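Given as structure tokens, the chain that follows is alone and in the form predicted on its own.
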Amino acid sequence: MLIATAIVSGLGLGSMYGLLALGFHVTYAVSKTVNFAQGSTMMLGAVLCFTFWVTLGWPLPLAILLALACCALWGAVVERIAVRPFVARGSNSWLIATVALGIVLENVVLFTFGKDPRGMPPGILTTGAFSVAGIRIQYLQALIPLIGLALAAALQIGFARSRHGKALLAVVQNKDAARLMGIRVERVIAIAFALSSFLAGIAGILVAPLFTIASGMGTLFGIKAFAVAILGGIESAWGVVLAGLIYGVAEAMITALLGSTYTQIVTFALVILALALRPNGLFGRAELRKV
């Protein structure tokens, strides 16, 4: 029973890692850069949803839409001021610039939202539950993995069939050829960052009812999500989602069997071991080089 409960909990948690890692995948696939403020963006989604819904008393659907829109806008801002100028000069300083922006965002939220953690009001998704083989599963715990997998499928289909998706794929394959075809590469990359932050916002809103909301809530999530992205093979959308599920279940199992003291030690040790055996990730492929 303990193991089964841990698996259910781990699938929900792993879906959060998968959503954040999917954001890393989107930006890396398009621009070979990532947004290391992804964890802070997740926190921003949770904080804004709480503020719009609980503090201001706006309807929950409107609060969610506005929070996600703000997260997407923040992603575009990060790309414009912390990534594009450095990439244009051939510098890798966007690494520290995105980290710095994430720290700035956390401190702005700390001073405006406050340092005391808040909790989302209870609702049907957290109080309601159903039983499977004697295991009690909250509606939210069942919903989170479904949303994560649905978003991964939607991205896969959108990239293959939509106009903007094909533009993203064109930029991935050859930026110069994409420019010659009239595609505005800089705009496409900005959209990729906005999409990445949109996914982080969804993760933050979904995880908010299960954890307390605070300015620093996204830091460890962001670190783990990047580890998941590398573990799954950052160029594989399905790979990072599946790696997120595997990581989440492993983390929950270790916590249940060994205790929370050993959770981070063992899980990150397993990540290192997996990458030592599979340097390109569990579902990644070695890059082919023309000679």
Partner chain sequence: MDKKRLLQNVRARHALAIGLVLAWFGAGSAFAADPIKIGQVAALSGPSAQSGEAIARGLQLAIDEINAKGGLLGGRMLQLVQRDDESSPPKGLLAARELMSENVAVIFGGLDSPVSLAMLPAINKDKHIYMGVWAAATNITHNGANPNYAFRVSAVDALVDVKLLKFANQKFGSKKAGLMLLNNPWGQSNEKGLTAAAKDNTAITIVGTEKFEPADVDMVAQLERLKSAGADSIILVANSQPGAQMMKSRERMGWSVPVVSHWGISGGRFPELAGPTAGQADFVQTYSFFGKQGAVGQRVLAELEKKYPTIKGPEGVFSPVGTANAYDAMHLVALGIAQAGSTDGDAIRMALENLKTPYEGLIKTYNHPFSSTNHDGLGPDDYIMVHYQDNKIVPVD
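Positions refer to the first chain, counted from 1. Just so you know, these numbers come straight off a predicted model, no measurement behind them.
One more form of this protein, predicted in complex with its partner chain, exists but is not displayed; see below.
Taking non-hydrogen atoms only, residue 221 approaches its partner chain to within 4.5 angstroms in the predicted complex. For residue 53, no non-hydrogen atom is located within 4.5 Å of its partner chain in the predicted complex, even though that partner is not displayed.
Contact annotation for residue 257: at least one heavy atom lies within 4.5 Å of its partner chain in the predicted complex.
Proximity of residue 209 to its partner chain in the predicted complex: non-hydrogen atoms within 4.5 Å are present. Of the residues given (252, 48, 30, 237), 252 alone sits with a heavy atom within 4.5 Å of its partner chain in the predicted complex.
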